[in-house]
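Coming up is one lone chain in structure tokens, specifically the form predicted alone.
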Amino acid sequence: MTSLKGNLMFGQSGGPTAVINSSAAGVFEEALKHPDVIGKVYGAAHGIVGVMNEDFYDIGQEDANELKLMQGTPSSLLGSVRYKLSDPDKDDSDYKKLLDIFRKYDIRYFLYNGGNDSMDTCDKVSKYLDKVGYDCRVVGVPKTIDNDLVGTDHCPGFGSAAKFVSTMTMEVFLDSRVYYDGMIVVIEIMGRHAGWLTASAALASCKGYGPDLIYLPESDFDPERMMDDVSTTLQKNKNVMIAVSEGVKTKDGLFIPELVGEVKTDAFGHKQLGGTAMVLSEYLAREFGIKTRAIELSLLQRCAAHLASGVDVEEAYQAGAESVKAAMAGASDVMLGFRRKDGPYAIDMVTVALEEVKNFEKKVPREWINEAGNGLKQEYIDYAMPLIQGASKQAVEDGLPRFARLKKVQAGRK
């Protein structure tokens, strides 16, 4: 299939990661190599909302060195968004607006970087454009520290977050054991329905400096069972470290913060989590009469570019670049994914139909979790360890990170 001639629009969506801008750099640098096919390269401000508002930037006006520095710059440099497109059969107003913008700016390539909800957005846009006969290649670029996208061995962003979590856990382990008196430390780690990131604390445990207990959303959380686990551990050691996913739920389907109050929801209907460690810490303090400390890693686990995995940085960049190549070769309504090879760690880049990806979640296999549901087996270690290797590609200036400084030259009407 021959390449379309026209312009490219790229947007970032959902929660940021330490390497999401590395994917953007891959998209931009690859797209700019093909001016005979891709005339203009645009970066949308705040994802799909920026496209509809004609709020986007002319990436061709950026300094080439600043684009390279994006590989060491965390967060979504273009701005992100959580915006749910409606069912076009019920309300097609957003889609008509997008179509008008695409026609006005001759957008023939639309690449969108995000997780589950973002892949749903890609699929809806792709199918609508196809329905109305507008020729445009739509490709999803994977991203999420939760690592829960199906159709790919792992997701850009996960390896760096896992490296941060395991490293911080090792450091907290040592800090929490400096005093004579014992202490219970509860570390809350992101992960709504899948425990991939919380499980990465097991990488610290396999080095001898990690949690005694790890609880994932893949198993029902039983507070009484946790009490027994803690009691057993205290009999052996006056210190206990617990790693718990923010998304663990009781057998009745309640998140831990819901046991003590109501929680808010976002635009996609997802409950706003956080506070799990504090609730459990206070509960354990009352029951055991021992000092406790709650640690919520929160935004730190997704923005720590200084501790990014070199493998993750490079793969994120490749995902962006290969998405452009795939689109130019004719791929559309697909997501770029990773397929792990047998033997020493290596991956192939593949395309996966968005229909197989959108709104599905990949969970940690139950057989990788121990029978008690409070720890991980070697299979998880073997899976995750290759993903945290290598160092960050972060430039330093005066001892501090040198982040990319984009001009953000407006290309739309704003």
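In case it trips you up, residue 1 is the first one in the sequence shown, and so on. On a predicted model such as this, the values are computed, not experimentally measured, just so you know.
Although not depicted, the form predicted together with ligand F6P is the subject of the following passage.
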- Quick one: is residue 190 in contact with ligand F6P in the predicted bound form, heavy atoms, 4.5 Å cut-off? yes
- Message: Check residue 82 for me: does it contact ligand F6P in the predicted bound form (non-hydrogen atoms, 4.5 angstroms)?
- Response: yes
- Query: Is the gap between residue 312 and ligand F6P in the predicted bound form 4.5 Å or less for some heavy atom pair?
  - Reply: no
- Might residue 145 be said to contact ligand F6P in the predicted bound form, defining contact as any heavy atom within 4.5 Å? yes
- Have a look at 322, 120, 246, 218 for me and say which one sits with a heavy atom within 4.5 Å of ligand F6P in the predicted bound form. 246
- Tell me, which of 124, 108, 154, 302 has a heavy atom within 4.5 angstroms of ligand F6P in the predicted bound form? 302
- For the chain seen here without its partner, which of 219 to 227, 332 to 340, 190 to 198, 204 to 212 has a heavy atom within 4.5 Å of ligand F6P in the predicted bound form? 190 to 198
- Within 324 to 353, the residues that have a heavy atom no more than 4.5 Å from ligand F6P in the predicted bound form: none
